[in-house]
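In structure tokens, the next block holds one chain alone, the form predicted alone.
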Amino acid sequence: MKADPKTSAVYLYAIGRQAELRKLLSGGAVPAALEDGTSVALVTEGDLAAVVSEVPLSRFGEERFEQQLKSPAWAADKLMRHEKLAEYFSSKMCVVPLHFGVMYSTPERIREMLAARKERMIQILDRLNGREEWGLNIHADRETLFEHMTELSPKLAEMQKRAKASSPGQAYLLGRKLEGLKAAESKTEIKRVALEIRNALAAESTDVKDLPVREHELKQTPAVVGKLSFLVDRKKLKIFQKTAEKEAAQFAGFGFGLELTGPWPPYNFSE
């Protein structure tokens, strides 16, 4: 690829093994590049290659790119094109997908990067080989959970048992205390259940990453109480999915729900 650094930059989508990428590109049916009128190409260095395309500095140059991103329609189109290419290559072979917006001034700069990071890139490719990323959102309906707290919490179950065996006056006091503790105990149970689900699925995957839950997700109904990404061996995918179904069934009656999505390009396991 030749790019004039005065008028264009080189945009990166993914990094993989040169021989495999060349074979895939020669087969056609590759999704469109970020910009119309440009094509997806390779910048190579030894056994490695970067999947790239040319982008104009008039829209992707310093400060110009940030300005363009303020247009929702433009940003959505470019992000969608990036994701389609990342998903295409990730579904066909093992690659290290790059996050949206990675650019270099010239192909030579990319070759320098590939040479400098060769050992690390090969390690990541070896680790990702035969595996894919799956996402999990854990939801909790707090009202349903609150109603069933004594079934989940050993502490509250014991208090309820004591209340039933007590005199009317003491039972009333224990009942009041029980209701007061439900809210605090429900937070503990949400963390415990989310951890139990995490551990069950982690046992059937290669790696797991905890992702941040946004404030508005915590406030919605049902609330998102856990977000995770799992790196799953394709040969063990059915076992992983069955484990997720088992965990979902176990806690559904208490207001918990599991949303499993994927496969995704392994962004969370490519660093």
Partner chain sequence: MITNDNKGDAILSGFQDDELSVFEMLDHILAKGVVISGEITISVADIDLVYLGVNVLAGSIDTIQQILQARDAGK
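This structure is a prediction, so every number in the text was calculated from the model and none was measured. Between two forms, the rigid core is defined as the largest C-alpha subset superposing within 1.5 Å. Numbering follows the first chain given and starts at 1.
What comes next is about the form predicted together with the partner chain, which is not displayed.
Checked against the partner chain in the predicted complex, the candidates 145, 124, 103, 193 yield a single residue with a heavy atom inside 4.5 Å, and that residue is 103.
Looking at residue 235, you'd find every heavy atom of it more than 4.5 angstroms from the partner chain in the predicted complex. Using a 4.5 angstroms threshold between heavy atoms, residue 36 stays clear of the partner chain in the predicted complex. By the criterion of a heavy atom within 4.5 Å, residue 82 is counted among the residues contacting the partner chain in the predicted complex. Using a 4.5 Å cutoff between non-hydrogen atoms, residue 20 does not count as a contact of the partner chain in the predicted complex. Not one of 45, 119 and 199 places a heavy atom within 4.5 Å of the partner chain in the predicted complex. Of the residues in 238 to 271, those that come within 4.5 Å of the partner chain in the predicted complex through at least one heavy atom are, in sequence order, 241, 244, 245, 248, 258, 259, 260, 261, 262, 263, 264, 267, 268, 271. The Cα shift for residue 36 between this form and the one not shown, taken after rigid core superposition, is smaller than 2 angstroms. Fitting the two forms on the rigid core leaves the C-alpha of residue 235 displaced by under 2 angstroms between this form and the one not shown.
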